[in-house]
Ligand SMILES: Nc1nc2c(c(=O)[nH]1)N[C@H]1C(S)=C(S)[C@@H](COP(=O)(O)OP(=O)(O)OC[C@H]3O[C@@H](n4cnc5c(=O)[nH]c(N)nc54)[C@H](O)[C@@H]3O)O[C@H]1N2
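We begin with a single chain expressed as structure tokens, specifically the form predicted on its own.
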Amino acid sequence: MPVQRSFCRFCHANCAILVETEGDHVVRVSGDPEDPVFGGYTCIKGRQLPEAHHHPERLMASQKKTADGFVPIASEAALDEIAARLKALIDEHGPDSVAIYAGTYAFQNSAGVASAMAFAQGLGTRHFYTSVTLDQPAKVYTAFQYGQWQGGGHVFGEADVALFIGNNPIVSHYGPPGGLPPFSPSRRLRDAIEGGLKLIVADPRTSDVAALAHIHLAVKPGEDPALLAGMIHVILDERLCDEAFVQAHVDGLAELKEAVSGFPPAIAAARAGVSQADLVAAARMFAGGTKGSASTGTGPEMAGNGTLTQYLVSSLNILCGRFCREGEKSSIPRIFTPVTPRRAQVAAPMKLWGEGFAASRFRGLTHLMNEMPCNVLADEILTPGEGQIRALVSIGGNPMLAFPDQDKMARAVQSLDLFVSVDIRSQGVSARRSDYILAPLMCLERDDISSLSEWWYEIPYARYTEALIARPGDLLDEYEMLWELAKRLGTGLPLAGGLCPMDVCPDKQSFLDMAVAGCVVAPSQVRADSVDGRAVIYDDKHPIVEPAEPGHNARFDLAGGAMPAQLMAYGRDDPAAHGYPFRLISRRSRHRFNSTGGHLSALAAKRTTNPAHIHPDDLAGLGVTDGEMIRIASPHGEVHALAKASDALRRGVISMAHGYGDPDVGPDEVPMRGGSTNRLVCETSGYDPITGQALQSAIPVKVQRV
């Protein structure tokens, strides 16, 4: 059987794989031991690509909903009908009546988000949404609001210290730049520790990475700002920061000092629920390193103070000068990203939201850079008036499971004049509510580039993979669907390289060249340079940090935006939620990627339900036995789950995963389907005032036996 090289697109790690095929049938997927970055690593999810491509539930034709259920429809006919309905809505209500949502699997297609954004811009709608504003929008905000070091931050491969706040990259395969890359993460972390890395982990549970930490700070859910402010207090008080770097490049230090003055170690540790000695030791350990970064995961950002938490993480890295200096190799070279200056200087702070940006009709929220926060989508659909959304196109997303307040989202979706999903199955919670399901190509049937994962590559590594098997029937790539709709509507697709030609749909390589125009090496060139589908390492393209420009005077601004005033307001808050003694936190699963993978046999065999992990002493106090059904209620809603004893959690904490649950089934089916934690979430209270992110972790809850 022929074996071909490619890379996996089950998640964003893009592991290098070997694919065995028999005709157009995928037989086996395994890691590529010759790849210089992955070295043969794959995860259990990626190895299920053969079943995913040939699963009996996979749609081999697009679907149209009728009174008798879904019926197959040719792609051309479906696009004709969808375009006609969109045009009628736009003619009557304007382009803002149409919304585009690019979900998890839009990101897994290297043309997915670029084509979705281009389609929205061509329509002229302000309603463009992606999953970024559901989980980690604060990273986008803080990356620009307080200034950026143009030389790049320290990379994990050269670090002698690392601080992980609520991220578990061994399972999630996600670590922000400077964090643990998703390339054989467990082995990579263990090797680094054996080589001398000092690891600090802040997490309410003993996660996979916390179990390896030199210092594990079992912080109370939602109290990461207290912990981080306390560490900054120690670093400033003991003059452990990089004083020369701060003097040369940082403004707002006095304001930050004033804000953290309310968090001396004793007070900060008490509020964070950790020992004072450990907090102080962690601050000294982090500041004592020569290279290494602090980084966060989804948990802290979803815990109610996401922007504040990310601001304090950025402040830690800035105070300790964790950046590449003049003459050093700049971090994360990025081949498919537009060329930017790599200089030993600060790019001036830039505001990405607020006045001057497209505004939502709700809660004073605006675009975050180019997209509207997801947590206004349901209200924008349900509320009459100018700009009301009447049509939604969801590309590779599952808003019924991803968005807060599942019942409200169900009402919103059902009230739409037109709901179109791009999905591989019709059984999904969101897809089955659609008027049309456009069935897409899957990853081994299309060309792609490794643009999504290059934010973790520490060397100039690039991949172009060609389609390994023929496309089934008349299925289309997502970008082809959107091109066809734009053609029918008479709108354009503005890309980085200019307007996409609209006479004939370009092939994938040509589209990618336009989508990432201005990058270091064009996708077509990477394809030409690749031998047998292997990665290409462009050693001569690794940028060196150049001197600062003469007269350049931009500086980090630690007093910019709403910070650090928000820290002082946080310090005055009473975190108690009377009547709700537990805090429910989010977690990742090895056997799901968000809501994807549960229908695959090897993954379903590992887990079908979504257990509520609780400390054994808490279970005993509740009179609940391991495996018993419980009812978890927040001030907003409730969910049922099977209790699972876990001494990896601190007391008072419940841990559950996202991506499970179904509003159409009752508690009796929870053991086989799991419950949705988003039923506990209200997007109109407790949300982040800057990004609009809902309180999706550290949720106050109470527990009852069923």
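Sequential numbering from 1, following the sequence displayed. Note that the structure is a prediction, hence the values are computed from the model and not measured.
The next section is about a form of this same protein that is not shown, the form predicted together with the named molecule.
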Within 4.5 Å of the named molecule in the model of the complex, do 298, 397 and 592 each have at least one heavy atom?
-> yes
What stretch, of 338-346, 171-179, 323-331, 187-195, brings heavy atoms to within 4.5 Å of the named molecule in the model of the complex?
-> 171-179
Of the options 613, 588, 233, 127, which one has a non-hydrogen atom that comes within 4.5 Å of the named molecule in the model of the complex?
-> 588
Interface residue in the model of the complex among 293, 465, 167, 310, criterion: non-hydrogen atom within 4.5 angstroms of the named molecule | 167
Please run the contact check for residue 448 against the named molecule in the model of the complex: heavy atoms, 4.5 angstroms, yes or no?
-> no
Though only this chain appears here, would residue 317 touch the named molecule in the model of the complex if you measure heavy atom gaps against 4.5 Å?
-> no
Mark residue 678 yes when one of its heavy atoms lies within 4.5 Å of a heavy atom of the named molecule in the model of the complex, and no otherwise.
-> yes
Indicate whether the named molecule has at least one heavy atom within 4.5 Å of a heavy atom of residue 634 in the model of the complex.
-> no
In sequence order, the residues of 55-73 that place a heavy atom within 4.5 Å of the named molecule in the model of the complex are none
